[in-house]
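Encoded as structure tokens, the following chain is the form predicted on its own, with no partner shown.
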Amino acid sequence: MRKVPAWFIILSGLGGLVGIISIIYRLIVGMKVTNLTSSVPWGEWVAFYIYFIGLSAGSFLFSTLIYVFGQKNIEKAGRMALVSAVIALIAGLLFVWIDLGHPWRFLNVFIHWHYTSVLAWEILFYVFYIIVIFAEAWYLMRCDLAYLRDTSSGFRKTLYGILSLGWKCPTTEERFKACHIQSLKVATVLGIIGIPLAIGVHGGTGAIFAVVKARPYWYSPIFPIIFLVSALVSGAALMTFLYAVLGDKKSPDYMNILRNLGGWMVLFISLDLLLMVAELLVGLYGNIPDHVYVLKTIMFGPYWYVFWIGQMGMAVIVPIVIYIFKRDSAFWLALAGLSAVVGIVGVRFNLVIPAFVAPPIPGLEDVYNQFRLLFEYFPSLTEWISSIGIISLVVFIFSLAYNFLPMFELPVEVIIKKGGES
């Protein structure tokens, strides 16, 4: 298995340190470090929150294509999808946590949980979703972890001893294959359980927006569906990029797997594009003033480039064009995946921020002349630094996980040679 270079781990680790410092600074100073206003209470951190929650749900749902729906031609990307789902979820929860005015009060959701709250259900889904992902990843990796425990020394032996939970693999090929089949069956069951949880995790995030009646742009039953499809785009794009960069290029099926990953990415992009066009056409035809104002702001407002360059260019046109003309090149498919992963950030920003720029009463934006009451928003320097720092932190965590965990299944003959009897 290829390793993430040490220089990259050190660089992302330094960036992660900046992220930790920025979180501490935010906790000490408060929300005044942001450019949020009373009129625009959600900004960059919430946009990155739904981005990473979508990346997590998309990665997990992508793994179900393998373990639930039997897409064996992309099976080598399955473990990486599960690990990505966990780490992306950590990032999303970090972003929403620092966006809370009183971060430590998140415990109130558990203490005062109520069935009528969409947010309360969302948190409940998070808990079970995390349990399912960890359980599924462990079952798939348990023999590899046991082998690494038995063949390592020092820190690694201790680490793999903890992660393997005392599991010992069979020493005969026949019993190992039976154990492997059992692991896949368990992964299938957990994947089936995880599908509604992942849908609840990100579809629920979309529902939090969709039930806000005061924002016509959000108040739509299609909004949770848009969130889910966009999540699948980001999940498939991330797997395409990661497998292109970190997959075993010497493997005879490397390019075939990569092309299949790219094909799923383009399929989900096409579905996302269909929903986006439907949303735009219906919204403009409906001619509801507040809704039309937001749509025009997205496409032709001061940050038009987020839509045309980020959302349309990087998330749609570039990946599709590359797949059509350069799908036999690992480099170009990696670029297509990276372009879509970055472009979806623009999608998330356009979902969150523009809905707040439409004044509820025409002319209200001219009444106020105080910074914290404006219907305008651009992230502060602290918001940018903290966001880049947190992203660096999760990249650092993923790099360590990739280097230490068995992301790709070890050969049977290698494990049964060294493994202990179960």
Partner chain sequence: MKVMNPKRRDILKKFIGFMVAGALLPDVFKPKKLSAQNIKVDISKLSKVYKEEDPIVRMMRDLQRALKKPVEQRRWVMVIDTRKCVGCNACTISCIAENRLPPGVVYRPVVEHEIGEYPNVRKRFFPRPCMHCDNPPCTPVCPVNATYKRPDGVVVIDYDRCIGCRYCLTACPYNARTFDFGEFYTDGVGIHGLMPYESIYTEEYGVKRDRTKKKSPVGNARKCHFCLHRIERGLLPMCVITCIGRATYFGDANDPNSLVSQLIGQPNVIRLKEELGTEPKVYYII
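Positions refer to the first chain, counted from 1. Note that the structure is predicted; figures quoted are calculated from it, not measured.
We do not show the form predicted together with its partner chain, though everything after this point is about it.
**Q** Using a 4.5 Å heavy atom cut-off, which residue among L338, M299, V186, I208 comes into contact with its partner chain in the predicted complex?
**A** Contact residue from the list: I208.
**Q** Within 4.5 Å of its partner chain in the predicted complex, counting heavy atoms only, one of 147-155, 274-282, 328-336, 115-123 shows up; tell me which.
**A** Checking each option against the 4.5 Å cut-off leaves 115-123.
**Q** Counting only non-hydrogen atoms and a 4.5 angstroms cut-off, does R105 reach its partner chain in the predicted complex?
**A** Flag for R105 set to yes.
**Q** Is R215 close to its partner chain in the predicted complex, meaning a heavy atom pair under 4.5 Å apart or at it?
**A** Yes, R215 sits close enough to its partner chain in the predicted complex that at least one of its heavy atoms falls within 4.5 Å.
**Q** Determine whether any heavy atom of L364 comes within 4.5 Å of a heavy atom of its partner chain in the predicted complex, and answer yes or no.
**A** Close contact exists here: in the predicted complex, L364 approaches its partner chain to within 4.5 Å, heavy atoms only.
**Q** Would you check, heavy atoms only and a 4.5 Å threshold, whether I222 touches its partner chain in the predicted complex?
**A** Looking in the predicted complex, residue contacts with its partner chain do not include I222, since no heavy atom lies within 4.5 Å.
**Q** Is its partner chain in the predicted complex close enough to Y243, K249 and N403 that every residue in that trio has a heavy atom within 4.5 angstroms of it?
**A** Spot residues vs its partner chain: no contact at all.
**Q** Even though the chain is shown alone, can you say which residues of 354-379 have a heavy atom within 4.5 Å of its partner chain in the predicted complex?
**A** Contacts from 354-379: F356, P360, I361, P362, G363, L364, V367, Y368, Q370, R372, L373, F375.
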